[in-house]
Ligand SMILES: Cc1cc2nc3c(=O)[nH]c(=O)nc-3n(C[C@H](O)[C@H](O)[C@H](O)COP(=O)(O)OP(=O)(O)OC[C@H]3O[C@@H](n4cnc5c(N)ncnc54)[C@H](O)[C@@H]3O)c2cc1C
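Below you'll find only one chain, the form predicted alone, shown as structure tokens.
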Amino acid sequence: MRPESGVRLMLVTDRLTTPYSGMLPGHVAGFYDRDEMHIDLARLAHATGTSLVHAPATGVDRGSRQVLFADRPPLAYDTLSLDVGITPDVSAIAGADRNALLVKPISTFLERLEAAETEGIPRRIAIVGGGAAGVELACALRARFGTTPAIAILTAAPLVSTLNGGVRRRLEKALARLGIDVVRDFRAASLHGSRVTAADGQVHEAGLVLVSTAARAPGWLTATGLPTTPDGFLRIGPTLQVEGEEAIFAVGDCATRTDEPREKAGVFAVRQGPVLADNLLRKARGEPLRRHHAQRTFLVILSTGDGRAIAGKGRWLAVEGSWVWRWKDWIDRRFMARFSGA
């Protein structure tokens, strides 16, 4: 929104609207319509003088400095920034790719959820994955479908294990209040029809199964020859440049800071944004680049779908109430307003 003279900005994207994951549970629960949780990239590009390339990238030719596509000519670049997110990794659950509703990517998830809903509300819903995303979606589905379906979270690890004890206790009480079951020590191994089978032989029946577990980097990143971690994420340093690459930056979930590794969470991508924008301009000007310092703790706010939310930070902070939901709603709406293109 602050164009630099002599610098041409191009946005390569496989979709014209991109969802904000922080508003996904609120949308599923019915608090936001589809437009409110999506950024209109065409409008944003027009408002900022950005050239929009609507096509999925399939590779990068580092030697010729080109982004590659399947159905259009390559796109030359002087400086490249990659923020291509993650894809679901359901390789450990046989049949999940065919029979489950995968939460990532969000755009596909929403389409499939709406399609499943047209067939009728299932009597039993299961969410595989007890992390923050799985818990929020379980609460959102309770708000969306009411008390009719039985909803269960199937989890191998302790519920929201990365959050502090106060948040975990409040979430446990909220799930009990909403009538959402938690099936513990359940490591899903296969999904066939309506039957979810765990590694130890436990079986859970559900008419609709959502999977919100592990994710991996897009496979084409490894084929670029850029340095990656053993699980395929781009290795970046403190200036957000890919290791050993002066002309390529990477941020968000597709990248891993090897000197300051952090969990995959949207808050880190948001905080990388200002440093990335500054460094892209500094690179174009030939100026020294800034170092990015990732915070160690961050605020987490989880909606329970009933007009309340639970917030936590660090080892001790944990609060709950309708005012926490209003706080989250204000934060999310303010964030989205920045990309309105107005």
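Residues carry their position along the shown sequence, with the first being 1. Just so it is clear, the model here is predicted, and its values are computed rather than measured.
Quick note: we don't show the form predicted together with the ligand, though the next part is all about it.
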{"item": "The unique member of 126, 137, 236, 93 whose heavy atoms fall within 4.5 Å of the ligand in the model of the complex", "value": "137"}
{"item": "The single option of 113, 182, 174, 84 touching the ligand in the model of the complex, heavy atom within 4.5 Å", "value": "84"}
{"item": "4.5 Å heavy atom contact, residue 324 and the ligand in the model of the complex", "value": "no"}
{"item": "Distance check, residue 57 to the ligand in the model of the complex, heavy atom within 4.5 Å", "value": "yes"}
{"item": "Residue 252: touches the ligand in the model of the complex, heavy atom cutoff 4.5 angstroms", "value": "yes"}
{"item": "4.5 angstroms heavy atom contact with the ligand in the model of the complex for residue 265", "value": "yes"}
{"item": "Contact segment among 44-52, 287-295, 22-30, 308-316, judged by heavy atoms lying within 4.5 Å of the ligand in the model of the complex", "value": "22-30"}
{"item": "Partner contacts in the model of the complex for 91-127 (non-hydrogen atom within 4.5 angstroms of the ligand)", "value": "103, 104, 106, 107"}
